[in-house]
Structure formats: C-alpha cells, structure tokens
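Next up: just one chain, as structure tokens, the form predicted alone.
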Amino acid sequence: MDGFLGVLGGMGPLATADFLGKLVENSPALVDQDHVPVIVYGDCTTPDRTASIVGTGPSPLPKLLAGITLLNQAGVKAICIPCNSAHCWYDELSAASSVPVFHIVKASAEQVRKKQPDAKTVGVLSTFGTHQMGIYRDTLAAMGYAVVAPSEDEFHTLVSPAIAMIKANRLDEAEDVFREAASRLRARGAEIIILGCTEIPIGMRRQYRETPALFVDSNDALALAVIDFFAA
C-alpha cells in the first residue's frame, strides 16, 4: 500500500476508534501489509462543532487547521475526518491541505445510490449543527433526492440527548432513543436513512444489524471511500 492515510480525529474519540475499526473490517486485505497505513491525529480538546455553529462556543477551526498542518508535515497521501460536523469547515480545511481531503457527506450520499438505487426520499440523522448548516440537505438535493430530517423539537428531545448518551458510553439508552427518531423519519417517507454523525452508528448497532439496507453509516461510507482511493 503506497502512502499513509492521515486521520483528523478525536471528535469524538469513540467515533475515531469506530472509523479505524471499519477501515480494517471493510478492507480486502489478506495480510497486515495489505491494509491502509494510518497516522491518527486525535485532538479531543477541539471545541464542540455544534456549539460553534449555533453561536454558543468557540470555533474549532484553529484546532482543525493545526491537525491538517501536522498531518501534511507528516507526509500523508490523503486525509479523512471521521466527524460530520467538522465538514462545515471543509472548504477551509481542504484549501489548507496539500493533499486530498475526503468529504464524508459526499461519500455517504454515494452509498445511498449503491444501497438503494431506486430511493427518492432520504432521511438524515445528524447533529443539530450539521442540520443547521445544510451540508447533507444541499448535497442530496443536488443529486435529486427529497430530504427529511428531525424537527427542531426532535433534535432537542431525541437526537441531541442520544448523542450525549453515546459520549457518556450509555449506548443501550441511546439505541432506544435513536430507534424512535428513525421511526419518525420513516413515517415521513424516508426510504433510507443516513447516520450523518459518526457517533450515531455506535448507538444504532442493533438496528443496523437488523436492517442494514435501511441505513447508511457515514463512518462506513468514509472507510469505503478511503479503501477505493488507496486501491487505485
């Protein structure tokens, strides 16, 4: 395998670990040496992305740019960011990098086409910040999809509390809450649901195993895009 993948992680730590596991699990490697070599920069002190977006916290951009700089200095071949909300600053991060930066939203949208080629309506579960910035809505709409997302009340009463449960390692509690959130999106017409926060799939493992065709795991989509790139 030629070159290293740089992983700009720590947002949160469990999501980064989940991505690394999926990178290995999705690889067609037969021996250790066939896997994608990685350099992980996991700065969990990066300010909360959603808090910044809604105006209640500092910008994470300086920390994100520091990670991009370090990974470029390390000589990586490409960079990925297993955090959807961080992609609200994608243009600045990509411009600061001398190597390609994968786009998790585009990778996830492409998996919709592969998993449900006839789907017309896509649901998105994400952080409130990612929802506010519209990065999934805009990308999917440009591809011709109708998009459904939780209401503002559902973000505050279901999605955001469940993400907080994952950060606190209360995974079983999060699973029950996300099951309700996903059910509401399906009731509003979602034929497939993108888990557009890299911590959400961790709290929906049972549901994903039960009906994998109904979901796109954004960490999984990112891992698949990385594998395709390094195999080329």
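Residue numbers here begin at 1 and follow the sequence given. From a predicted model like this one, the values you see are computed outputs, not experimental measurements.
One more form of this protein should be noted, the form predicted in complex with another copy of the chain, which is absent from this view; the next part is about it.
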**OP:** Give a yes or no on whether each residue among 29, 49 and 167 has a heavy atom within 4.5 Å of another copy of the chain in the model of the complex.
**Re:** yes
**OP:** Mark residue 212 yes when one of its heavy atoms lies within 4.5 Å of a heavy atom of another copy of the chain in the model of the complex, and no otherwise.
**Re:** no
Original post:
According to a 4.5 angstroms non-hydrogen atom cut-off, is residue 61 in contact with another copy of the chain in the model of the complex?
Top reply: no
Subject >> another copy of the chain contact in the model of the complex: residue 222, any heavy atom under 4.5 Å >> reply: no
**OP:** State yes or no: in the model of the complex, is some non-hydrogen atom of residue 174 no more than 4.5 angstroms from a non-hydrogen atom of another copy of the chain?
**Re:** no
Subject >> Options 96-104, 117-125, 70-78, 136-144; stretch whose heavy atom lies within 4.5 Å of another copy of the chain in the model of the complex >> reply: 70-78
Original post:
Since the partner is left out here, which residues of 13-27 would have a heavy atom within 4.5 Å of another copy of the chain in the model of the complex?
Top reply: 13, 14, 17, 20, 21, 24, 25, 27
